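Presented as structure tokens, the chain that follows is alone, the form predicted alone.
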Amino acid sequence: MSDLHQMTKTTPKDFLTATLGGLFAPGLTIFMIVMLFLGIQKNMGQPDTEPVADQIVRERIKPFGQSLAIDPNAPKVELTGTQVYTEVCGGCHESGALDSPKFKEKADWGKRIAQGYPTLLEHALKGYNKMPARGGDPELSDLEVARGVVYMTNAAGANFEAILKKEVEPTAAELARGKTVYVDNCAYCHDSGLTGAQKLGDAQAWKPLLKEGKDYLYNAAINGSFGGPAKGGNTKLSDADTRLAVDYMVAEAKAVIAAAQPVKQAAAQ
């Protein structure tokens, strides 16, 4: 007796599934081709990304400011009283910040003007209460500070003149004695810069000290300052000889500073 084989009947559902399965692979291929074509078309005419990326990087690393090269040997142009006030003093005196007397306010300046010009100048040079020395600008010369003081006080009713206490210049004999004292007591540090001493030929180191005036330097040398001992470590040295050594160093420093300045051209005729 032979086996009977009977074929399973295909339903509409089976037919639909088979049909969709056969169309899936070709359909996916067509979809990918279309998307690739659309992507190429979208990018047509767009700028090259490399220059754009380079521009972005350059913008990111662009400096915030610009450096200005200033010739350190250029001769200093002294500021007028108005300029000193505008550039330095006005930051506080315009508004009365830090309890400073307001510009042109006679009520604020009256008692101060009564103290006299020398006292006000000393306060401005060395600092007083909340006010820093030289208004916070160490580059201002004594004369510029004096002009600033006179500009402000006269605007409040004073009648001062921008003059400085003239220091007595030492004689040739005094400078010679000062050099001897310097060699015997001061040169060990000031020739080499030992212990932080200002080297005799260093113009930049001496500029801010010269602004303080000789009285300040005399006191520092006699009592000890700047990290150095009183009278250069020689307690037997007289005050008078110590002052002469200071006179010699100041004279030498001024000569070095003057030599560093460019030669001024003669005015055109």
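One rule holds for the numbers: they count along the sequence shown, beginning at 1. Small disclaimer: the values here were computed from a predicted structure and weren't measured.
Below, we refer to the form predicted in complex with a small molecule, which is not included among the displayed structures.
The small molecule is not drawn, but in the model of the complex it has a heavy atom within 4.5 Å of residue 217. Looking at residue 237, you'd find a heavy atom of it within 4.5 angstroms of the small molecule in the model of the complex. Among heavy atoms of residue 229, some come within 4.5 Å of the small molecule in the model of the complex. Contact between residue 131 and the small molecule in the model of the complex is found at the 4.5 Å heavy atom cutoff. With the partner omitted here, the residue from 175, 197, 162, 156 that has a non-hydrogen atom within 4.5 angstroms of the small molecule in the model of the complex is 197.
Contact here is defined as any heavy atom lying within 4.5 Å of the small molecule in the model of the complex, and by that definition not a single one of 103, 139 and 203 is a contact residue.
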